[in-house]
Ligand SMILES: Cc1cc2nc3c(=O)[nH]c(=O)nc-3n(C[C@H](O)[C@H](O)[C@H](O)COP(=O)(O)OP(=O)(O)OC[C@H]3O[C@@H](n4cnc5c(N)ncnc54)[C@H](O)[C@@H]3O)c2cc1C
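Only one chain comes next, encoded as structure tokens, the form predicted on its own.
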């Protein structure tokens, strides 16, 4: 059993855990981050891509609104590479409450959110696809944010300051001595190896699993799980974030993210932290509500639907024990278990928004440092993240990948045409994992491999071949890796299969099932006696395995 000693063990490789680990490393703390899967595979990687101005919460949740606008400005300053400065519009239609716009403007002013009133005509000059019956429009400083890029840079920056991260390491036990947590046992989910980590403090930033992690120390942190569904359309129907100007409800956000447009979201109470199901009514609701703002969008081509679980939390003293969904505030809490439970060595951070991840990490790090008797303030709000950036651009630009392909150091043979991923980029990303196993789905998060309109119809088997060559894996392992990736890409398409999307799905199915015979290859691998094909078939649109 391997043994490691650090000052702080951070559990959770989402945006909050990564931001906290970076903050602690900058303060000179020896920090190790552990994530049970890949970085950003939980809530941080399953959101709509919105960099909040706070306008969405200006009336109902002013505390969160203030946090969002402040951190919106901070992230623009320290992480422009992950942000597209799309701007945002709040749009009221004839279907929305006529008295709400004035309430909203007042709430924005009180939260410090700048607003600019536009006429419907001015708004349509900027976004021609907007409906003709809109009654009020305001401009706000919304944007879109790539959570995969942001989290990876937080972790890479943490490593520059002496920290480290372990992915695919699940916490199977917290080590407790009397009234103190002194570390954890981690299991490598790929090899089964167990590692003991001794730490002066454990920071629980596990998102929806925060209650489970706290329970390993015998403590009760009650998380309310709220599932939200989203849909990706295959083109940018709008180039500006568009919000419905009404009390927050299902289906009132359109976010241009990269080459697609994300529609969302719903709010459904669930009892599971890993509930990523999508119900047909959610898809119909999202499309119908989006169509009221951008007519015709419901007849457009939808690529896929997905969902994520929001970890909502309100302290017991708030007195809202029965609150669920949108009734629960979207602010965050840092729980010092010394004060709450008389247990040293454990801090929990939960709730919040991706936009406020840096602030959450900073305040959690403050409590951790207090437990360590360390008096050194955080500086992450003032220092830009250490990443190379071309001086000619500040924010992310949509055509950046094309310029890099044509003129940059990563130019070369195209592997994924939709997202312009080259062989050089893919090989560099695989090499970054060293000797550790790497999944094609990990490379998707790193490079957007397979996330374009064809949904991996042409790039995945190319990438699988390159991965096999570089790692020297067997043919059976390569087949299983490819099948696992195809399963993940096919997930979430069932409620969306019509028109061009259905035709694309059948094309992908023909490629994988008939041309490549992937399901047959998986069956043959199982027949050879190692069990590799047990769950390696291609999962069809209706949930069965081909």
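The model shown is predicted, which means the values in this text are computed figures rather than measured ones. Numbering follows the first chain given and starts at 1.
Missing here is the form predicted together with the ligand; even so, the following discussion is about that form.
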Could you tell me which of 59-67, 500-508, 480-488, 44-52 sits within 4.5 Å of the ligand in the model of the complex, going by non-hydrogen atoms? 44-52
Using a 4.5 Å heavy atom cut-off, state whether residue 290 contacts the ligand in the model of the complex. no
Can residue 352 be called a contact residue for the ligand in the model of the complex at 4.5 Å between heavy atoms? yes
Hey, in the model of the complex, is residue 205 touching the ligand, heavy atoms inside 4.5 Å? yes
Can residue 170 be called a contact residue for the ligand in the model of the complex at 4.5 Å between heavy atoms? yes
Counting only heavy atoms and a 4.5 Å cut-off, does the ligand in the model of the complex sit next to every one of 361, 365 and 378? no
With the partner omitted here, the residue among 104, 313, 209, 138 that in the model of the complex has a heavy atom within 4.5 Å of the ligand is 209
Just give me the single entry in 425, 265, 455, 86 that has a non-hydrogen atom within 4.5 angstroms of the ligand in the model of the complex. 265
